[in-house]
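Quick setup: the C-alpha cells below cover two forms of a single protein chain, split into structure 1 and structure 2.
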Structure 1
Amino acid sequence: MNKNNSIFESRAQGNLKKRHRVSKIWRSSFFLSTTIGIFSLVILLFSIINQAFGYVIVENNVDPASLSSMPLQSLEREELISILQENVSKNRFKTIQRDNPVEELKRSELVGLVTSEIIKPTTLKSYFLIPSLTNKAEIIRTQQDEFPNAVVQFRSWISPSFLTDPLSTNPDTTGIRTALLGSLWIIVVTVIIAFPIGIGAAIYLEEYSSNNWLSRIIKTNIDNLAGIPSIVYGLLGLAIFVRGLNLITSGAFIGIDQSNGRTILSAALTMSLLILPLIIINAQEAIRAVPSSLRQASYGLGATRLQTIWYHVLPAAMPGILTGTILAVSRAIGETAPLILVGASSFINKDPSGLFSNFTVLPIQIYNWTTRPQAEFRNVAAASILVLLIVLLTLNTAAILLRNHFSKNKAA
C-alpha cells in the first residue's frame, strides 16, 4: 500500500513539474510576443515622428519683405486682397475668385493664399529629425555652398496651418483641411447610421428571435460578413448606393445638382455596411452576458419586455457595446479601398459642406503623397499619419469615457 502511494506521489510530482515547465514556456512566449509587438510599435512611431520634423533648406520665389514692410500675419484682410490683385495675373485672380471668393476667406486663409500664389516657398532639401539634431553644422554648410539664396529652417510639418490650409500640389503650402473634414464627416455619419441599426439587430436576435433555423442562418451569415474583405463592400456600395440609388445619394431628389452619387452619403452608407457585423456581434455578446436574473427581477416587478431591455439590459450591456463600437470605428477610419470605389477624390481643394458633397479622406491622401516623386511629400505623409492617429485616439478616448460612465452607473 505504501509502495503504491509513493508511486502515485512520484507520478503526481512529475506531472506537476511538467505542467510548470509548460506554463513557463507559454508565459515566456506570451511575454516575448508582447515585447516584440511593443518594440515594433515604438519603431513605427519613431519612424513617423522622425520624418515629421527636421531642418529644411527653403528658397522663396518672392521675398515677403518686398510685398510689405510688416509681416503678412499682421496685415488686414483688405491689404492681403490688394497684394493678391497686384501680384497675380487677372486670369489667375478670376480663377481664385471662382473657386474660393477672397471676400469670404479668413485672414489666415488669405495669408496662406498669398504664400502659395506669390511667395511660393520651395523646399530644396529636407532632413529628418535625427540628422537635424546631429548634423546641424553640416546642413548649414550645405546651404551656404549649394544654395546661397536659400535659408535653413527647422520645420514641424504638422502645424496649425497644416490643419487649416486646403490641399495643394506644393508640399510646402499644402494642408489637410479638406481631407480631415472628409474623414470626420464620413466617420460621424457612419456611426449615426450603423450604431442604432447594429444595436437594434443585436437586441432582436438576442431578446426577441426564437432559436430556430432561420435565426441560426442569420447569425452565421453575420459572423461570415465580419470577415469579408473591405473591397467587396466597396463594390457593393458602388453598385447599390452610387449607381442604384443615385437619385438619393446624389441629392437630386431634393434639387441638388450632382452628376453622380459619389458623395459623402454613399461613402458613409458603404462604411456602415462594413462595420455593422462587428457592432452586431459585439453587441450580441454584451447583451448575452447580462445575467438572466436581472431580467427575471424586472419581469417580477411588472415591467414589460421593452421596459426591461431599455432600462436594465441595455445600460448593463453598454460598456461591452461601446467597446465593440471602438473596434469598428478604428477599422473604418483607416479604410481606403471601399472609399476609392465609391468615388473618393485623390485631390480636391473644396471642403465638404454636407451629405451630398464630393470628398477625399486622410488615408487616400497619405497614400497619394507617398507615391509622389518629391521627397518632401514623405514628410507631409508622416505629419498626416500623426493627425490620423490623434483623431483615432480622440474618438477612442470619447468612447472609453462613455463606457466608463456606463460602467460606474452599472456598479452603482
Structure 2
Amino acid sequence: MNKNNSIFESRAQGNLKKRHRVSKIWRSSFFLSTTIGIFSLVILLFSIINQAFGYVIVENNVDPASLSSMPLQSLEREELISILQENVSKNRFKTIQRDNPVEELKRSELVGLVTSEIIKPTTLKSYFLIPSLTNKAEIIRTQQDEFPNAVVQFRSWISPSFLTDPLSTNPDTTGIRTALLGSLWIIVVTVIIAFPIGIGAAIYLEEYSSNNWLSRIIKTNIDNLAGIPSIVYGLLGLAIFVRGLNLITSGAFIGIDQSNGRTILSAALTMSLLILPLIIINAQEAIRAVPSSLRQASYGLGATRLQTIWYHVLPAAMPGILTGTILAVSRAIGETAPLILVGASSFINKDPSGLFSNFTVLPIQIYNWTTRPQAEFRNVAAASILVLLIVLLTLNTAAILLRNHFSKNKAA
C-alpha cells in the first residue's frame, strides 16, 4: 500500500512537472501571439519611416549655383522674382502671374516656384532610410558612375512644403494640400450631418422608446449596418447621391455649373451613412450610462421628457458622445473604398472650395501613389501615410484625454 502510494506519488509528480512545462510553453505561445500583433505594428511604422526619409540622386535642369551665388533660401523676395522673370518664358510668367500673383507670395513659396519652374529637379533614384544611413559610400559611387550630372541629397519626403503644396503629377514637387483640404471638407460636412442625426437617433432609442417594435427594428438594423463592408456604402453613395440625386449633389439646382455629382457633398453624405451606426451605438452607450437617479430628480420636479433630456441627460452623456464621435471621425478619415466609388479618383490639383467641388482625399492619394510603378511615388505615399497617422494619433489622443478628463471630474 505504502509502496503503491509512493509510486503513484512520483508518477503524479512527474506528470505534474510535465503539466507545468506544457503550461509554460503555452504561456509563451500566448504571449507570442500578443506580441506578434505589436511587432507587426512596429514593423509597419518602421517601414513607413524607412520609406519617408532617405538619400535621393537628383538631377537639376538648371544648376541653382548658376542662378545666384547664394543659396536660394537666403535670397530676398525681389531677387527671387527677378530670377523667375529672367529664366522663364514671357508666356509662362504670365500664366504663373494669373494663377498666383507673385507679388503676393511668401518667400518660401517663391523658392518653391523657382525650384519647380527653373531648377526642375528630377529624382533619378531614391533610397530608403536604412541603406542611406549604412551605405552612403555606395550611393555616392552609384551617382558618380551612373549619373555624373546629378547630386546626392538627403531628403525628408515629408516637409512643410509637402503639406502646403498642391497635388502634382511629379513626385518631386507634389504636395498634399489638395487632398488634406478635401479630407477636411468631407469630415466637417460629415460631422455636421451625422452628429445631430446620430444623437437624435440615440436619444429616441434610449429615452423615448425603450422597447417597442419600431425601436427593436431600428436597433437590429443599426447593429447590422455597423457590420456592412464600407465598399457597399460606396455603391449606395454612387447609385443614390452621385447618380440619383445628381441634380442636387452637383449643385446644378442652384445653378452651379458642374458636370457630375462626384462632389464633396456626395462624399460627405456617403460617409455620414457609414459612420452613423458607430455614432449612434456610442451615443446610446453614453446615454445609457447616465444614472437614472438624475432623470428621476428631473422628472420629480415636473420637468418634461425633453427638458430632462436637454438639461440633464445630454450634458451628462456629452463627453461619452464626443469621444465616440471622435473615434467615428477617425474611422471616416481613413476610409478609402467608399470614396473611390463616389469618385475621388481622377487627378485634381485645384483646392476644393465648397460642397459642390470635385475632390480627392489623403487616403485616396495614398492608394493612387502606392499603386504607381515609380519608386518615388512610394516615398510620397509613405510621407502621406505619416501625415495621416499623425492626424489619427492626434484625434485618438484627444478622445482619450477627453474621456479621462471627464471621468476624473465625475469622481471628484
Partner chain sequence: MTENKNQPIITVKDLSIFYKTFRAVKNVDLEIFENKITAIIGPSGCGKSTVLRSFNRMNDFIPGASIQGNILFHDKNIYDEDVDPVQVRRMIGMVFQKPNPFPKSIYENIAWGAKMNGFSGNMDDLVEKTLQDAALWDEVKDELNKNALSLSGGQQQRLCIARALAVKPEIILMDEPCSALDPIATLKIEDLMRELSHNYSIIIVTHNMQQAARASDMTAFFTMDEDRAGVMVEYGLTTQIFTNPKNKQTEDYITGRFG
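Just so you know, these numbers come straight off a predicted model, no measurement behind them. Heads up, when I say rigid core I mean the largest set of C-alphas that superpose within 1.5 Å between the two forms. One-based numbering along structure 1's sequence throughout.
Looking at both structures, it is structure 2 that matches the form predicted together with the partner chain. For residue 71, a C-alpha deviation of 2 angstroms or more is recorded between structures 1 and 2 after rigid-core alignment. With the core superposed, residue 102 shows a C-alpha displacement of at least 2 Å between structures 1 and 2.
Core-superposed comparison between structures 1 and 2: the Cα of residue 35 travels 2 Å or more. Superposing the rigid core and comparing between structures 1 and 2 gives a CA shift of 9.7 Å at residue 24. A C-alpha shift of 4.6 Å is found for residue 400 between structures 1 and 2, based on superposition of the rigid core.
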